[in-house]
Structures are given as C-alpha cells and as structure tokens.
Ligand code: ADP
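In the block that follows, a single chain appears as structure tokens, in the form predicted on its own.
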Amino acid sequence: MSATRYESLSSNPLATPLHQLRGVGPRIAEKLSKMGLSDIESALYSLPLRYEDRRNIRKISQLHEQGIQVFTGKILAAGESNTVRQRRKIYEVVISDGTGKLCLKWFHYRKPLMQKKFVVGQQAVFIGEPKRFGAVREVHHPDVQFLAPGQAISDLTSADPLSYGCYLPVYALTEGLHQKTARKIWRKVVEGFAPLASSPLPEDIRQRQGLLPISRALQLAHWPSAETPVEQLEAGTDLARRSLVFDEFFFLELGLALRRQGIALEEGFSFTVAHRYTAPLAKMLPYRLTDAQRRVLNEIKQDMMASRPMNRLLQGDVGSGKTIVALMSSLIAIENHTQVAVVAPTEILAEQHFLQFQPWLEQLGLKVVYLSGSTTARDKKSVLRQISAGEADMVVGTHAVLQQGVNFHKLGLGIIDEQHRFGVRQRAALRKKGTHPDLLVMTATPIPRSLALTVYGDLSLSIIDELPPGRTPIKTRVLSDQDRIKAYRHIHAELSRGQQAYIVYPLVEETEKSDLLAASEGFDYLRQEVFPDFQLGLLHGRLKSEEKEQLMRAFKAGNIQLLIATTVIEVGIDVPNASVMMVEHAERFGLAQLHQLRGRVGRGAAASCCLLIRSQRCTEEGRQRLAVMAESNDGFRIAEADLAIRGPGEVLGTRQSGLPDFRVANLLSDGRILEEARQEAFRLVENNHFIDDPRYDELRQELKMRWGGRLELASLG
C-alpha cells in the first residue's frame, strides 16, 4: 500500500496527516517528515529497526554479552576515577544484587549531577549492554530508573509498560527525536489505526501460507508478543513480518504475472525459420557458436515461431557472445519481412553494435541505419524516412529510437541491450513502435535470482553460461597510488610484446570538466614521459561520433597500442589483442561496472590482467568492493556481493528499474518468501477468469493503485 494510495479519499483514516495526531507538534512533525513520514499509513509501515528484549529482569549472574538487557542492583560505590592509558576522567558506579557485582561507567557526564543521582545504598533498574574487558564485566552509559524506598520492581514494570516487561521496538530516527518520544507516537498510531488496515489478499492464499491479517501483522510487527522467540525477531522471520513481506511481494508478482499473461494473450508474429540469412552468417563467422549460444538461440527461435509475442531476458556474463545471438535472432525477423530495432543506453555502445553489424548485413544484402541524439538533422531526416518506408531492415541507436516521430514500416523484433539501464516503461515504448512485436532484452550484468524475479518477473529467462573457447582467465590486482609505477612497467612490458592496453579514468557528471582535465593531463604525461615509444589515443565523451569511431577503428587495427578513456567503454568493445586493463580511482566505479571493464581484456589467447588503482581516500566500502573483484571472476558472485554491499536500489538504479525500494521486504534475506508469493500470484492469474471475476474486484483495484502506472496495468478495470 503506497503512502499516496488514499490521496483522493479524505474519509480514509490512514491518510490522516501525522501532525493531526495528539502529541505531534510542528517540531516533531518536521522531524518525522525528514524521515519520509507524513501520514498514518507511512508510519504504520515504518517498522522498528530492531527490538530490545525487556521481557525479564535478569540477575547479574545471568547477564550475557549479546544485546541490551534489563537488570537490577544496589549501589555499593560511586565516584570519579582516571583511565590508565588516556588519563581522562570517568564516572564509575559498582552495583550488586547478591548474585554478582557489575561496574557501570560513564565517559561523558556532569559530576555534580552524577553525585546527586548515584547514592550508595540506593536501589535501581538498569538497561544496557554488558561487555567483558579481561576478567571485568562492564556496562557503559546504561539507562537508569531509580526505585523509591519500598517500591517493588513489579510496581515499576506495571507503571511503565513502554519500557519493561516486553519486547521494546527501536526505530531508525533522525537527530533530535528520541526513542521514548517515538515509541509513544508509534504506540498511538498502532493502537488507533492498525486495526483499520486491510489487504484484499484472497483468504485461501492467506490460510494456505499461514499468514496473519494485515491489521494484526502491523500490531505485532511494532509490539511483538512476549511469546515470540527472540531468534525469529533478530532474524526477521517472525510471522508478523513474514505476513507483511508476503503481501508486498504478492502484489508486485501479481502485476508481473498479468503483464506476462497479457503479452501471451496478444496476437504476435508467427515467424518461420528458413535460415535464409542465419546459415550464410554462420559461415562468415570466424568461430563456431558455443553449445550455450545454440541452446539459447533455440529457445529464442521457439518463442519467435509461437503466435504470442516473445518477451525474453537474455543474460550472459561479459564476453559470452550475446551480441551474435541477438544478430542471429534479428535475421529471423528480417527473413520474415519485418524490421528490427536495437536500442543501447550509450552512444558508444550503440555505435559499436552498428559498426559490428554493418559489414555482415551488407554482405547479406541488408540495410542497417544508425540513430542517436547526436545524429545531425539532415541525417536524421534521411534515417527516419528509410525506417518508415521499410527500406531499413534494422535500426541501431540510443533512446532516440524510442522517441516520437520514429515510425516503423513493420517492426517485428525489438532488442534492448544493457537492460539494467532501462525500465519497464522503455520496454513498453519500444513495444508500442509496432503491433505486438517480439522483445529480447539483454544484460551482461549478472542479476541475482531474487532481483531477476522482482524486476524482470514478466520475462522468460535465457542464460548463456559458457564462455567461447580461447578466453583466458583474467588476473586482478588491487594497487595503491604508490604502486602506479609498477602498473606502468607491466603495461610497458605487454606493449613491447605486441599486446594492447586500456587505462580508464572515472567520469562523474558533477566534476566532468576536472575529470576530463585529469585524463587529458594524464594522457599528455603518459605519452611524453612513460610511453613515448608507443602510439596512444584519448577517447572521451566530447569527441564527435566520427572521431570516436576513427579512434576505435585505429585501436582495433593495432595502430593505437594504448587507449586512454574517460567514457563508459565497459561494454561493446571487442579487441582480442588487448591484455591489460588499468582503472584509475577504481573505488569510484560500481562492482558491475568494474566487472564489465575487466571483460574488455582476456578476449584473446594472451594471459590478461586487470590493475585496479585505489586512491588514498578509498573508503572501507570501496576496499570491500575491490577485494571482491580480486577474489572472483564469476559475474554472479560479484553481483551478489554488490547487492549485499550497496543494496538493490543502488545496484539497479531505482529510477531506471521503475520499482521503488520495498518498505518491509528485503530482497537479500526474503528470497524464499518472494518465491512463494510469486507461485501464488502466477497460480491465481492462470485462472482465465481473474480479469473479470467479480470476486477479485477489490484485488484488481488494489493492484492498480499500487502498481498500475509502473507496470503499465491501466487496463485493469
């Protein structure tokens, strides 16, 4: 349920602004707003970060070193002392409950206040995390609740149920908002409004999965039952959270199931395969297709021959040969007198595809045209005319192909490369360029299964899991700034042996000028001082298309031995003679990007290496990423690590994927629930009457509210 779900329904109590809640003044409302919480519903779905187990008050002898605990004791001694090493003053209090002694320490305090509060002989309840330092157990900066003379502990717990005798929620807060205040606010929200929350998840699914109603799940997610095992709460596997996660995943997967079924119900092209062009192309290729390429091609052929439109994701690691599979698939569509559109995210990748396809298509007597944002007005007019007249068999380009004014004579197949940089809407835009054309989306970025099911759940999946013969393993080394000379020596040795190399500089939009300047200065220094005996080239985004093309042709032909690049060259460039990839400020690249860059070498028989230079400013997260690169060449292992380090929103780019971050679910830890929700959603949609069965009216309406716009589900009644 999105926070905007009830915008137009003022009668809905879950849309009540938080500032209307008693106890939430303007100052607190502003702090909650900073956390993205504006109404009751957003607060209800903002679950605790963790829980403190305050169900039992422990004896000092029972305390362990795992988490915050509640204990009681009598003050035996209190006073200021000096630390041995740092010579700073601390305030120490020694307590006992008859089963043992414990030392409490404060490093930040006001002495007069401490002397007034902590009096020998006084009884108190303490909340803190015990730690062992040698033979001594200590608790630093515990919370303290003093007992009045004659007051029993049971009196305290019944008087303050927000602090004792329960699991206590700990919320992620902003500066200036304290846990005690937050708990009071959330307690009001949960007690007053959680019973009003609901979900139209079908009752048979809820019972089959053993789930709680949403209202009860929200109550227990904020204030767990004392009977809930602490291990479940710590692992996030308790029933309340599972019920909320399932609900969130179910509606997404229901939308994806409908997308897939909608495409399946549409009437597509039933292509025939006579090998008119694919057989001659196979003879032209200087290599044989791998078994994996042939298997995937067969899967694509079966889809293209079917009467419903193909909607397939082709996934393959760097250098696995996806491009030639895409070309073979294109020739099937062209053989059936339809056109093909190939869309790539960057001009350099689109240009690479165009340059790779053009010679082969020309030999086959076919016409391919190129279209991008930098195509001149004169050329664009000619290209658009050829596309609409059906003279162009294939158009290769960037997002420009998706724009208005690009009209196909008869589009039979759309291909999107590097799918992770596009979203659902771009796929829909390409599909609308024809009458239910087949769609093939490709990525060289391995995607963990949980992400694939979430983002591309409406697509059939093909994986090229085999590299072409002759590919050599790439050794990866992480070097510091000071080791740069060693890297230069290695590159020099490789160039002297007749190999080629890349040196890549990062390019960040905000500092494009300074980065380009750094690369230009680096290029001049390398050309004059380090590699004066070799031919160097500088490739960057401000070059005209013809200049980039000329440079790449010269590098591929071997006329340039060392290519210095600032633009994204991680995909589409195939130079078998290149054996070294050096990346400056490697920590500024994502793992997937580094893996792609590394994939530019190791394409020939020569031993290849990737040298990652990290700067002195490299963060701990940056070091983690680079360590993963050094350990593994496996794209899926790298993708999993990237997901763990940066999270799904960063890995995919939430804006591009068209999907929001989940409010409760976690793609890393909740993969099993995702699979279960997917099975239930797809099973429900397989019921042919789902779209018009009145029993599912509320379910369809809910789905439209949550996902209609993002998943192009506007036809849901």
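The structure presented is a predicted model; accordingly, all values stated were derived computationally and were not measured. In case it trips you up, residue 1 is the first one in the sequence shown, and so on.
The same protein has a further form, the form predicted together with the named molecule, not shown here; the description that follows concerns it.
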### Task
Go through 582 to 590, 135 to 143, 557 to 565, 311 to 319 and give me the stretch that gets within 4.5 Å of the named molecule in the predicted complex, heavy atoms only.
311 to 319
### Task
Answer with one of Glu547, Asp481, Asp574, Glu129: the residue that has a non-hydrogen atom within 4.5 Å of the named molecule in the predicted complex.
Asp574
### Task
Identify which of Arg603, Arg183, His540, Lys433 has a heavy atom within 4.5 Å of the named molecule in the predicted complex; exactly one of them does.
Arg603
### Query
Do Lys105 and the named molecule share at least one heavy atom pair within 4.5 Å in the predicted complex?
no
### Message
in the predicted complex, is there a heavy atom of the named molecule that lies within 4.5 Å of any heavy atom of Pro280, even though the partner is absent here?
### Response
no
### Query
Does the named molecule come within 4.5 Å of any heavy atom of Thr290 in the predicted complex?
yes
### Task
Report yes if any heavy atom of Arg471 sits within 4.5 Å of a heavy atom of the named molecule in the predicted complex; otherwise report no.
yes
### Summary
Taking the named molecule in the predicted complex and a 4.5 Å non-hydrogen atom cutoff, the residues of 324 to 354 making contact are Ile324
